[in-house]
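Only one chain is shown below, in structure tokens, and it's the form predicted on its own.
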Amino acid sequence: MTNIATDPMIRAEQISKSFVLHNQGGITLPVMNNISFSVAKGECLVLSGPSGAGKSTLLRILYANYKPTTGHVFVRHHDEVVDIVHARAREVLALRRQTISYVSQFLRVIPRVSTLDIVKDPMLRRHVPEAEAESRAKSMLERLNLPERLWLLPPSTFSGGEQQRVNIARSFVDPTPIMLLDEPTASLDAGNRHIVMDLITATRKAGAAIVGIFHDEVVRDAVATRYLDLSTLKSAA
């Protein structure tokens, strides 16, 4: 860890990633080579490029789900800068609890937990008082047009769009300083898609650093402040 107050919120340096296909005779599949960029507070960097360019792989590297073949990912955590590639497991967990979140198009939660509790949970983990967490969760679910009759039910039987709205509510009710968005509007109708676009823009303007993938051109153009085209394997920073 270092203590560099002038660093951006997240900075990737010379990231390369290859996968070894062990069931294909050990063939090496290169995905990206020497990618560098940084994202400051109040920016939304949109990853672009065709399918297979490595957009989702790069997001997973930024979240420490994948380890790059080479390179570093520096993340501002409070007053310190952490290289998440080489961080210990407990440091990664602390980063994910307080600093960096990953929002996918799929809701993955513990079965039988109510929708309201799912949305409250990140706030309670950050020590938001119970009453405040519940009030904020209800307001966010209302904003995302999820009927009150569903709040005390687990979302496993909800439609894809309803599950995604629970996912969005949980992520944006108390946004982390760094947000990684992987197709968050994919299952939504036009009305709810515009609500999420507004949430993303408001969160960015409040100071979050956002890196996202959006295949919907309208959403992409509405939320982006910069683009990184991975098909060129060059930095847009």
Partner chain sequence: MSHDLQTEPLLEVKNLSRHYGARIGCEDISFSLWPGEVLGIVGESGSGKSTLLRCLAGIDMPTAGDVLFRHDNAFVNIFTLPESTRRHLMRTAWGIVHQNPRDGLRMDVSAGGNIGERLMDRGDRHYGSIRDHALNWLQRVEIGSTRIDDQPRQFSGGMQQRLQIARVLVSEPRLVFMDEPTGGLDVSVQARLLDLLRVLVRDLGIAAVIVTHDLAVARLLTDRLMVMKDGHVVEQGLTDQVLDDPHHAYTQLLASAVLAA
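Positions refer to the first chain, counted from 1. These numbers come from a predicted model, not from an experiment.
Here the subject shifts to the form predicted together with its partner chain, a form of this protein not shown in this document.
Looking at 97-105, 157-165, 144-152, 131-139, which one sits within 4.5 Å of its partner chain in the predicted complex if you count heavy atoms only?
Checking each option against the 4.5 Å cut-off leaves 97-105.
With the partner left out of view, is K205 within 4.5 angstroms of its partner chain in the predicted complex by any non-hydrogen atom?
No - in the predicted complex, heavy atoms of K205 and its partner chain never come within 4.5 Å of each other.
Applying a 4.5 Å heavy atom distance criterion, does Y227 contact its partner chain in the predicted complex?
No.
Just to confirm, V73 within 4.5 Å of its partner chain in the predicted complex by heavy atoms?
So V73 does not count as contacting its partner chain.
Its partner chain contact in the predicted complex: N65, any heavy atom under 4.5 Å:
Yes.
Under the 4.5 Å heavy atom criterion, name the residues of 48-85 that approach its partner chain in the predicted complex, in sequence order.
Result: R60, A64, N65, Y66, K67, H77, H78, D79, E80, V82.
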